[in-house]
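For reference, the chain that follows is the form predicted alone, supplied as structure tokens.
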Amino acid sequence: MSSDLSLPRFSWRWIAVWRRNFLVWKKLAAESIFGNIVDPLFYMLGMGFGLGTMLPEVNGVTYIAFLAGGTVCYSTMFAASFEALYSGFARMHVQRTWDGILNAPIVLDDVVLAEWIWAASKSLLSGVAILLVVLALGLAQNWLAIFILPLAFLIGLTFAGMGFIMTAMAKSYDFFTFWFTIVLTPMVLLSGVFYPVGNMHPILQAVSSALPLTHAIELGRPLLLGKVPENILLHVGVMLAYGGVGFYIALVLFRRRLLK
């Protein structure tokens, strides 16, 4: 039991596992990038110019400009979540890729770390694609928008760390329906992606303030609007806490599942 709960021990070998995932992704990079661009583009065009005709301004900006910040954050959240859950589960359980890797001189902690960093890297790649869409639509106000990229990586660490808990417990892909239906979808609706959190009931505002996606949007939306976010350390700290604690819990569960 004590070994399961021991603190993570890492080596530089995790980089080789990360590189392996990157080389596999390169074979389907075009399809992946296309998907990362098209989905948020449809949302911003459909809702921004559709619903935006009924909402000329939200918090002093056009609705599509308001929507852009939330779209960047929730899209990168889903990119990291899909990688951590579906792709991670495939490598761990279906394809048995982890079993093969663990026959090399590498420990499980390094494998899980590499998967975590890789999922965050996929989130960063998604952030690059979405930022290009935002720039093409003229929705970025100034150079501060470039900080969307490190934010996308941080979002990846946050939601991949949490998502790996589900991966470690899953018996099949169907198990992930609970995570997307019970956790991620309500989070999108409560975190201010589509409308200001301040317009919600006070109880829902309190719930929203505890959600990691809310803290991501509190950073991302001002950056796209050309403003320096407030309470940066608070938002970053909350997201790192969610991701770090989630990663540790997942690592303990992976140890119990794969090393027993």
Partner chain sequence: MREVPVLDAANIRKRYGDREVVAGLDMSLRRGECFGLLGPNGAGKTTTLRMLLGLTAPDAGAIRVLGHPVPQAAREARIRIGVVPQMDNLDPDFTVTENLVVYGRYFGFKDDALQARIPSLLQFAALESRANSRIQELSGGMKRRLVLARALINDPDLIFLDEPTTGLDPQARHVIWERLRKLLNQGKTILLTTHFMDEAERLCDRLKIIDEGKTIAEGAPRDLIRTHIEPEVLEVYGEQVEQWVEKMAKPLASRAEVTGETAFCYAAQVQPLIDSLQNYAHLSFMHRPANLEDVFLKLTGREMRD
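Given the structure is predicted, the values throughout are model-derived calculations rather than measurements. Residue numbers count along the first chain shown, from 1.
The next section is about a form of this same protein that is not shown, the form predicted together with the partner chain.
**Student:** Only one of Leu189, Leu144, Leu102, Leu135 comes within 4.5 Å of the partner chain in the predicted bound form by heavy atoms, so just point that one out.
**Tutor:** Looking at the other structure, the residue within range turns out to be Leu102.
**Student:** Quick check for you: of 22-30, 213-221, 198-206, 226-234, which stretch puts a non-hydrogen atom within 4.5 Å of the partner chain in the predicted bound form?
**Tutor:** Single hit among the candidates: 22-30.
**Student:** Is Thr97 close enough to the partner chain in the predicted bound form to count, meaning some heavy atom within 4.5 Å?
**Tutor:** Looking in the predicted bound form, residue contacts with the partner chain include Thr97, since a heavy atom lies within 4.5 Å.
**Student:** So in the predicted bound form, does Val183 come within 4.5 Å of the partner chain, heavy atom to heavy atom?
**Tutor:** Answer no; every heavy atom of Val183 is more than 4.5 Å from the partner chain in the predicted bound form.
**Student:** Is it the case that Ile106, even though its partner is missing from this view, gets within 4.5 Å of the partner chain in the predicted bound form, heavy atoms only?
**Tutor:** Yes, Ile106 sits close enough to the partner chain in the predicted bound form that at least one of its heavy atoms falls within 4.5 Å.
**Student:** Would Met239 sit within 4.5 Å of the partner chain in the predicted bound form, counting heavy atoms only?
**Tutor:** Although the partner chain is absent here, Met239 would stay clear of it in the predicted bound form, with no heavy atoms inside 4.5 Å.
**Student:** Just give me the residues of 4-23, first to last, that have a heavy atom within 4.5 Å of the partner chain in the predicted bound form.
**Tutor:** Result: Ser11, Arg13, Ala16, Val17, Arg19, Arg20, Leu23.
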